[in-house]
Structure formats: C-alpha cells, structure tokens
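Next up is one chain by itself, shown in structure tokens, the form predicted alone.
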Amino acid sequence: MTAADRQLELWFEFGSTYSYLTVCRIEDAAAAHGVDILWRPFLLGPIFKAIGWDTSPFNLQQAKGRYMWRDLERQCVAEDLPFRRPSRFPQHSVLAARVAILAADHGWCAAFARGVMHANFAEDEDIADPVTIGTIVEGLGHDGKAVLAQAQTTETKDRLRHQTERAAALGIFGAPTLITADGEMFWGNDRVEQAIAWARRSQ
C-alpha cells in the first residue's frame, strides 16, 4: 500500500451539524491507523438547490429536525464536545469555506475548521461575520486581514465554486462525506471508522 492509498478525503460543510462532530474527532481517529486526511470544504446550498430544496432537510422535515438536534446533543456529550444550538440554522458559510480553501493549501485547515465549528455550534457566533473569521485566523497565528482579502478574490471564489461542483460530480449529497483513494464513499459521522478502515486496507 502506498501513502496515497492511506489518504481519506473529508468533504465537510461549516453549516452541517454532523460535520461538527467529524471535524472535531477525525484527525485523532485517522492518525491512530496511519490514515491522512485531505480537507475538502464545500457548500451544500447549491447541491440542495439542484434538487429543489431551499434550506436544510432538517428544516424542511420538522420531525427529522427535532430528532437531529436531540441526537446531536447526545453525541456531543459522548464525544465531550461543547454544544449550544445555533440561533440561525444553517448559517451562511461561504466566507468560512473560502478561507478553508486557502488554509488547506498551507496545512492549517484542520485547526481552522475546528475553530469555525466551535464558533458555530458551541458559541453561537456569526460565522458569516468577517470579524469572527478573522479572529479565528489570527488565533492560529496568521494575518487575518490578508487572509480575508485573499478569500474575497475572484480566484478563491472560483476555487470554492469548482470544489462544490466537483462534490456534485462525485455524487455527494450531504456532509460529512468521506471518500477513499479508490473512490469508495461513506456518508455521515457514524461512518468515520468504516471509512478509515477501508482507507487502510490492502489495495
């Protein structure tokens, strides 16, 4: 097995509840089995819009939404993660995703993603606010103003759009989604261990 075979793509959305769980726990779980995570931020909005949804399915189906919030509370307790239900759901995640595209280029996407998820699902902060995102970037030791400026360039906007289009082309319909080097797809936080096991098996 080559190093590339042990890579696992994590497609995640900052507005996604179950992405919160996965983003916060996947690095340790993968490292324990020698699997490297490739961080793939994208937007679910365009994917939902293509099938006629204008918001999260948890908003469209009230019973499912009630279950999801209680399930998320239970899982956060199990993972010892703080949780505060966001006053806005789903939050507008475009700016955070653009910054994550840049962060992935330089190896700090994991830390940034955890920071944004914490702001969204533990602190109920506005992750569409440049001040919120800039503060997270600064806390990681980077130039917040410079990163935010780069995030607003046409090049970065196009990169996020293309990444979201690639997600759709891969058949991704929700987040988190994990894809192994051989193209196997696993959807949901509850499939993290299965995805890691598949990624590390002999090719």
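When you see a residue number, it is the position in the sequence shown, counting from 1. Please read all numbers here as calculations on a predicted model, not as lab measurements.
The form predicted together with another copy of the chain is left out here; the points below concern that form.
Picking from 46 to 54, 22 to 30, 131 to 139, 157 to 165 the stretch near another copy of the chain in the predicted bound form, with a 4.5 Å limit on heavy atoms, gives 46 to 54.
Among heavy atoms of Arg74, some come within 4.5 Å of another copy of the chain in the predicted bound form.
Looking at Ala181, you'd find every heavy atom of it more than 4.5 angstroms from another copy of the chain in the predicted bound form. Residue contact check for Lys145: none of its heavy atoms lie within 4.5 Å of another copy of the chain in the predicted bound form. The closest non-hydrogen atom of Phe173 lies within 4.5 Å of another copy of the chain in the predicted bound form. Taking another copy of the chain as positioned in the predicted bound form, the residues of 181 to 196 that bring a heavy atom within 4.5 Å of it are, in sequence order, Glu184, Met185, Phe186, Trp187, Asp190, Arg191, Gln194.
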